[in-house]
Ligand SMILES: Nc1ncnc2c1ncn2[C@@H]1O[C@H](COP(=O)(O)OP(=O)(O)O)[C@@H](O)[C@H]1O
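Single chain ahead, written as structure tokens, the form predicted on its own.
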Amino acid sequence: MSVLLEAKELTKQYKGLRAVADYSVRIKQGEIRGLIGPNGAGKTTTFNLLTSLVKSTSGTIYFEGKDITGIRPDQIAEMGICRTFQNIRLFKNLTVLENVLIATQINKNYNFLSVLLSLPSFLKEEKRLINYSLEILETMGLLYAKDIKARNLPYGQQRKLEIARLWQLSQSFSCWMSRRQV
């Protein structure tokens, strides 16, 4: 398998504090990795470095063999590298499906008038977005919960929902950026 993401000697220094020191990792396509450590060990900073939310003091990051060190966070997201945060940020009063659908709105292919009049173009696009969201829920093992309010899911399932939303958002963002550049 080819290397998907690689960090070499990634370091982040804040004046006298070294938050991350010489972090290196190679993640192959299809691998699942975890990052564990005590509070203050630099786990969040490492993810912020990999997603370019924080600029590294030194080191290099490669994605699919391409040096992505220092590029903007929106460009990182466009490539499909996204992250969640420690605190779950769901729309708790919406259903699981509605939470994923919200992330599709950046990728919608209709306008206000077509929504207002329920034109066939709107209905067709809405069906496409729903079907894609259902596919993501199935992949994440959450299809059974599509009509359940997010607040009623156990913590682990809420985390999975947040990842599903992130997956949808990264795909939608990538499509939106592609359309914007045309």
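Quick caveat: nothing in here was measured; it's all calculated off a predicted structure. In case it trips you up, residue 1 is the first one in the sequence shown, and so on.
As for the form predicted in complex with the ligand, it is not shown, yet the points below apply to it.
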ask   = in the model of the complex, does I163 have a heavy atom within 4.5 Å of the ligand?
value = no
* Would G156 show up as a contact with the ligand in the model of the complex if we use heavy atoms at 4.5 Å? -> no
**Asked** With a 4.5 Å heavy atom cut-off, would you call T45 a contact of the ligand in the model of the complex?
**Response** yes
request  = Report whether the minimum heavy atom distance between G70 and the ligand in the model of the complex is within 4.5 Å.
outcome  = no
With a 4.5 Å heavy atom cut-off to the ligand in the model of the complex, the contacting stretch among 31-39, 142-150, 129-137, 116-124 is 31-39
In sequence order, the residues of 84-104 that place a heavy atom within 4.5 Å of the ligand in the model of the complex are none
